[in-house]
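What follows is a single chain, given as structure tokens, in the form predicted on its own.
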Amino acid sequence: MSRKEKILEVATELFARQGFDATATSEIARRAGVAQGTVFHHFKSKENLLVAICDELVQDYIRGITKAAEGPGSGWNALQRVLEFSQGFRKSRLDSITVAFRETRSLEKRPHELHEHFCGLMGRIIEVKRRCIERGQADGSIRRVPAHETALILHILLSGIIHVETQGLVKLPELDTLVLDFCRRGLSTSVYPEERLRAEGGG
């Protein structure tokens, strides 16, 4: 692991546990085993370090769902893999996700270009889900629903679960199976065989 990667790892852990404002760069440096100047050499400021954590997180997520979406099978199979990857990612990267959801208020005064950057990344996430839905509609595995709006709803659903979980607002039960079943019942034509029949030109 490089020094930069170690700094990111330690900062993520500290920001998640004690908050961005309460974490000093000197503590990050000490825990990472580097000089404080090394932190500033790589990231220039504590705010830039927070941006890097969020950016790496979202980029990793996009790579993961893109790979899941490009696998074999129907559009519904692809969307199911995306949903399953999303739920696994949430569990494996909970510290980074907590930081991204809870601490980004510290970035509100950052340049407009940063906001545009992250909005663009969110757009790419929604686009992957939209393509799965359109693929499923083309092969008859997903119902005829507005593809973009449905992809946006799925994004909000998954983000809402993360928001509640990271804020500690409610003690959530295990939802993975319920979420997948909810989406299947709402979207898969296996639940609505008459729609698959129409998609295949049989009615």
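Nothing here was measured: the structure is a model prediction, and the numbers come from that model. Take the two forms, find the largest set of C-alpha atoms that superpose within 1.5 Å, and that set is the rigid core. In case it trips you up, residue 1 is the first one in the sequence shown, and so on.
One more form of this protein, predicted in complex with the DNA, exists but is not displayed; see below.
Partner contact for residue 159 in the predicted bound form: the DNA, 4.5 angstroms, heavy atom: The answer is no: residue 159 has no heavy atom within 4.5 Å of the DNA.
Can residue 51 be called a contact residue for the DNA in the predicted bound form at 4.5 Å between heavy atoms? Outside the cut-off, so no.
Interface membership of residue 35, the DNA in the predicted bound form, 4.5 Å heavy atom rule: Taking the distances in the predicted bound form, the answer for residue 35 is yes, it comes within 4.5 Å of the DNA.
Contact flag, residue 167 vs the DNA in the predicted bound form, heavy atom cut 4.5 Å: Output for residue 167 is no: heavy atoms all beyond 4.5 Å of the DNA.
Go through 67, 163, 30, 42 and name the one with a heavy atom inside 4.5 Å of the DNA in the predicted bound form. None of the other options qualify; the answer is 42.
Residue stretch of 138 to 146, 171 to 179, 43 to 51, 58 to 66 approaching the DNA in the predicted bound form, non-hydrogen atom distance within 4.5 Å: Stretch with heavy atoms near the partner: 43 to 51.
Taking the DNA in the predicted bound form, which residues along 21 to 36 bring a heavy atom to within 4.5 Å of it? Stretch hits, in order: 23, 24, 25, 26, 34, 35, 36.
Residue 21 C-alpha shift between this form and the one not shown of 2 Å or more, rigid core reference: Residue 21: C-alpha displaced by 2 Å or more between this form and the one not shown.
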